[in-house]
Every structure is written in structure tokens, then in C-alpha cells.
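Below you'll find only one chain, the form predicted alone, shown as C-alpha cells.
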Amino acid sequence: MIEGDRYVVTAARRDAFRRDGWVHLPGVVTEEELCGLEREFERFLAREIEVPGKDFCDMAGTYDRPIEEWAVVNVMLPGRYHPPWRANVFERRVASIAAQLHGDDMRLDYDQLLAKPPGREDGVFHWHQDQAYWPRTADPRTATAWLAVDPSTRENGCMRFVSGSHREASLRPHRPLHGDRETSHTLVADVDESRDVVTYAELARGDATVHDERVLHGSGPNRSSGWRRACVVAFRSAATVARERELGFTHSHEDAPEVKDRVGE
């Protein structure tokens, strides 16, 4: 339920987040609000808003892949490159959600836009845990929200989760998708669907998922005739965000070359 900038998370959904490591929240933004976000999103995709270097890249391929062949278009830190995007209605609602899940000391860590072109069998965001990309910090509390700009279905590559995997004793081994981190940032973890409990998060336009930094997740190919677009914002504790920045870690693919960990979907 929406109350201005606040989205009310029910007790049942708070319990689901703790139990499964993720939760589906319906109607986080209204259709009118989403139309405004969508117009700005399209300006990023059309390159009307400049995003330099590797902060505009293909998350499924290598850094040198021609843009015409991109399968998962990534815009990292849109609020950095386009100030009017900052503190948009989705970000404000997620701030309230993060506070309800984790407490009042949660702060924005990064934002991101993701888009899968139609008919891309290779538009796969491989299984991973976000914490495998990030520096280790004392306080791992995280609420990463993924907003469906288009209806998100199994056909067009919706998010999928290994429910409960955030409670495993250690992170699963991750390996570079394309051989090394200089070629592509992407890491991959193994999931055995005969053993792991995989849940597909099919969302209506305006719905969102919120997930923990340790839950295994990814998304499948876009076999549909339309785009699959999503807005992402991640909130972590103020102490964790401060520690990341002390380490030179900004979630940009352009900053702090000494820090190799990068965030994924």
C-alpha cells in the first residue's frame, strides 16, 4: 500500500524477506509515476543522456562487444550522470521499504538501469550472489529493489531466485563468465535446479522485488517480441556505504580500478 513516499510492507512480506531472502511487492509505483520514469529511461537507452565508458555496457557479453549485439543493456549510476534522476519516486519508496526491513540507518548505495532487447536467447543474467562482487564489510544488511518497467515474465527473462540460499553458511564459489574480470565483470555461481528451490518472480508493471545480498539470483533470456526493462536501487547501512567509499568502491565500472568487485543484477 502506498502512503505518499512510503510503501507499507506487511508483516507477512517482511517475514517472507527474512525466510526466502527476497520478496515480491506489488504496486510499488503507480502507472502515472512509472510513465515519468519510463520517459527518462528511454533517454538513457537512446544515448541522449551521456554515460561514459564501462558504466554503459553489455552485462551478458564482453566489454568490446558491438552495441548492436548487446543482450543486457546496463546503465550504471544513472543518478550520477543525470541529476534529475536522483531521489525519484521509486528511490524514495524503496528508502521507506529498506527502513521497514532493516532499520532507519539505511542509505542509498547505488542505482542502475537494465534492459533486455527482444528475441535475445543470450540475454541471460547468470546465477550469482551480489556479495560475491562487493568488498566484505561488518554490516551486510542490504535491500536491493528491482522495479518492473515492463511486465516481467518467464518468457522475457524475469528475475529468479534460489529461495533461502541467503542462509547458507558461506557464499558459493563464483568464477568469471568470460575468463577474467578485464574482459567482462560478470561472475557466475552454480545452481542445481534438481536440488535448489528456484522461484520465478513474474511481476506486473510497477511491481518490484527486494532481495538480500546473499540470495542466489539471476534472470533468463528474453524470448519475447518486446523489451524487458528494469530500474534497480540498492540500500545498505550508512556505515557500510561509508566503508565502501573509504575503500574507493563506488559501484562504477569507471572508478577505483584497484577495486575489482562490481555489482550484478
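Each residue number is its position in the shown sequence, starting from 1. Keep in mind that this is a model prediction, so the values were computed, not measured.
The same protein also has a form predicted together with a small molecule, omitted here; what follows describes it.
Proximity to the small molecule in the predicted complex, single hit among V210, V232, L34, A60 (heavy atom within 4.5 Å): When the small molecule is considered in the predicted complex, the option within 4.5 Å is V232.
One residue of L114, A143, L187, V149 in contact with the small molecule, assessed in the predicted complex (non-hydrogen atom, 4.5 angstroms): None of the others qualify; the residue that does is L114.
4.5 Å heavy atom contact, H166 and the small molecule in the predicted complex: Because no heavy atom of H166 falls inside 4.5 Å of the small molecule in the predicted complex, the answer is no.
Distance check, R228 to the small molecule in the predicted complex, heavy atom within 4.5 Å: Judged by the heavy-atom cut-off of 4.5 Å, R228 is in contact with the small molecule in the predicted complex.
Any non-hydrogen atom of N222 within 4.5 angstroms of the small molecule in the predicted complex: Residue-level check for N222: no, no contact with the small molecule.
4.5 Å heavy atom contact, V75 to the small molecule in the predicted complex: No, no contact at 4.5 Å.
Per-stretch contact check against the small molecule in the predicted complex, the hit in 101-109, 172-180, 127-135, 86-94 (non-hydrogen atom, 4.5 angstroms): Of the stretches listed, the one contacting the partner is 127-135.
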